[in-house]
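For reference, the chain that follows is the form predicted alone, supplied as structure tokens.
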């Protein structure tokens, strides 16, 4: 790689900055992968300008072989912001990395024009440009991946919260219908949602309905028991409904002791019991005038 002191890259970036920025921005906007409907032209221009400024400063002042060094902090910060932004907008890793790779053509064109017929110098500078931008492009994919993981984790958290709604069925009676697999992470969300609802409403009875839970194993049963125990500590009794024959057989086969936990086959049965414990009942009005 060309040493910093002898490279013409800093001079090229200073002398032709405006032209390079114009060409680079145009190339990005002409690329169908840039999704102009998602990313505005002003965003592309602003991000490109910020990167070019930081890149020119780093190339002029830093070691061209140490892209993880302090002199390249600003460059990495700009690329990190661009990568996270595009990850949230649904761009692919390749589309995100093209932000850096598309700079090559404009920069190499200016270098060849400036150096002229010195083929060795053109080859050396070209190698330097390609190496730097390739490494920065890989950096964008690393940050992109982290950004996508953050998005996925946040979406999973939101889905778990949405899939564990606590419903007020009656005065002092809450219901928590569970759908899908109940694992440790989701159990924590379930427990927190239920306890918060108990505190807020002052409910004395909570119905946990597992009709929508496909399977119950030892771990799921333990999670249910923990939730029941936590609710009791908050002053609310729990009823578990949705115990289908297959689930009942599985619980017996596993030897899981539900202790003194009240269970019912259906949510309706559990609700009727909850009303009875609250000193109320449901009566038919059929035939009344």
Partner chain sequence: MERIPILKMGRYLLVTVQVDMHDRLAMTLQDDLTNQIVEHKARAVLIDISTLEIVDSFIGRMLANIAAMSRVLDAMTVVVGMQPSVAITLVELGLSLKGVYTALNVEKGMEFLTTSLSGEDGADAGNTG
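C-alpha atoms forming the largest set that superposes within 1.5 Å between two forms make up the rigid core. Numbering follows the first chain given and starts at 1. None of the values given here were measured: they were computed from a predicted structure.
The following text describes the form predicted in complex with its partner chain, which does not appear among the structures shown.
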{"property": "In the model of the complex, the residue from 56, 230, 67, 261 that sits within 4.5 Å of its partner chain by heavy atoms", "result": "230"}
{"property": "Interface residue in the model of the complex among 145, 168, 188, 94, criterion: non-hydrogen atom within 4.5 angstroms of its partner chain", "result": "188"}
{"property": "Which of 67-75, 117-125, 135-143, 193-201 lines the interface with its partner chain in the model of the complex (heavy atom within 4.5 Å)", "result": "193-201"}
{"property": "Contact test in the model of the complex: residue 172 vs its partner chain, heavy atoms, 4.5 Å", "result": "yes"}
{"property": "Its partner chain contact at residue 44 in the model of the complex, heavy atom, 4.5 Å", "result": "no"}
{"property": "Contact test in the model of the complex: residue 234 vs its partner chain, heavy atoms, 4.5 Å", "result": "yes"}
{"property": "Shift of residue 185 between this form and the one not shown at or above 2 Å (CA, core fit)", "result": "yes"}
{"property": "Core-superposed C-alpha of residue 52 shifting 2 Å or more between this form and the one not shown", "result": "no"}
{"property": "Cα displacement of residue 26 between this form and the one not shown reaching 2 Å, rigid core superposed", "result": "no"}
